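Have a look below at one chain only, the form predicted alone, in structure tokens format.
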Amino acid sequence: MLQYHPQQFVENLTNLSIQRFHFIYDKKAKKVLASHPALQELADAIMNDSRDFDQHEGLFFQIDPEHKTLQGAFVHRTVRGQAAGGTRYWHYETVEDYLRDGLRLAKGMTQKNALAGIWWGGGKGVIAHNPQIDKQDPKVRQSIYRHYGRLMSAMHGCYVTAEDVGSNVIDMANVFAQTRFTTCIPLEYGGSGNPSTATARGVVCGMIAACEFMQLGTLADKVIGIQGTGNVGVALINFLLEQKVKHIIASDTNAQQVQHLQQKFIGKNLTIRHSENNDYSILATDCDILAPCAIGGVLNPQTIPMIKAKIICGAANNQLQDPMRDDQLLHDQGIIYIPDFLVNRMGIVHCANEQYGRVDNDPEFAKHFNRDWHHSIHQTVWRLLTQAKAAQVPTAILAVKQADELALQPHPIFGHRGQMIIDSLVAARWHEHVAE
């Protein structure tokens, strides 16, 4: 089943009369257990995935009955609080690709939230695009995301979703129409809206801290390479132009977006070019700082040798294809890598404060950009680089160790409540309750 296309998998589940299913890590048995015996094969495969599986507490799925889309919520760790992370709507070639992406993204959210000093656990939503439907049709999207909202409600709050790649604020409004367990909802509903600008600003903070640590001066005389010019990439360009960088070289696979930005930034210190899918030549750009802001896994044994930048600091999640191997490769090449989950935190911070109400010019938000707060981006980057240099170890390996330690600190009020919710869902035979 791992090599099934998601739609083939959906068809198989439909034939088995399975609409909802889950995989739960049983700590006593030290095994992943499937809700249905027919799916234990997948549970065993997940358990044997030493790279991406990390004792994730629970993986919950449903089939959208109207548009036959596979919808999932990957809950990694909820010791610090409810699992929180965005919902990605993406195309996957195989079920394995789908599961691996969800597992890695959820784990990354645990690390991101822990290093940010916020009381959330880590989770991620993933919707696999059904190529037989038009995902740009507003009515189709409304239906898909409203069904996803029902999945959130059915999970009783062990996971709180938000906006991510492939989703937008309107989609979050449709999720919100069916559940209270979502953030990044539109401003008119009391939410915080699109988190892209906040994410980009955090990346710039990381760039500044790295340059100062390496005694390279300010960003004013730097050449920046950017892979991906979506919402975050465009916001990053704007912030870098404010910093009066020497030049920006960017690429995107969307030809219309490239043309639009070429017109928008005409006369600015920006070169943007169109690149085909699987074209990673932007990573070989002769620049001071490289910012991956598109898909994950772009830093690997094939691409790392071509990198000329002194610093890598970008917004894309899971930039390292294999965290242990590729972090070491960058270290050996003398490249300073600022872990993505450290600097791209501000999207989830932007959303996280929604549960406590919205404040204009929120000081709890602004302190992440300050230099004097212990958990600020600047201090966290500086501390990480100092410790990594002293120990002569790669930055991501050290950051993961620190994040994992913080992630085991129980929520000061509710403790490990997320696990209690998951246990109650399993006891109530959650998978037998058919999605409407």
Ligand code: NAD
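From a predicted model like this one, the values you see are computed outputs, not experimental measurements. The first residue of the shown sequence is 1; numbering continues from there. The term rigid core refers to the most C-alpha atoms you can superpose between the two forms while keeping them within 1.5 Å.
If you look for the form predicted together with the ligand, you will not find it shown, but the lines that follow are about it.
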{"property": "Residue (of I295, I118, I249, I133) lying close to the ligand in the predicted complex, criterion heavy atoms within 4.5 Å", "result": "I295"}
{"property": "Residue among P186, G166, G230, G157 with a heavy atom within 4.5 Å of the ligand in the predicted complex", "result": "G230"}
{"property": "The ligand contact at G347 in the predicted complex, heavy atom, 4.5 Å", "result": "yes"}
{"property": "A114, heavy atom within 4.5 angstroms of the ligand in the predicted complex", "result": "no"}
{"property": "is_contact(N361, the ligand) in the predicted complex, heavy atom dist at most 4.5 Å", "result": "no"}
{"property": "4.5 Å heavy atom contact, Q215 and the ligand in the predicted complex", "result": "no"}
{"property": "Contact stretch among 174-182, 331-339, 135-143, 253-261 - heavy atom within 4.5 Å of the ligand in the predicted complex", "result": "253-261"}
{"property": "Residues in 62-86 with any heavy atom within 4.5 Å of the ligand in the predicted complex", "result": "none"}
{"property": "Cα displacement of V258 between the shown form and the other one reaching 2 Å, rigid core superposed", "result": "yes"}
{"property": "Exceeds or equals 2 Å, Cα of G72 between the shown form and the other one, core fit", "result": "no"}
{"property": "Core-superposed C-alpha of H91 shifting 2 Å or more between the shown form and the other one", "result": "no"}
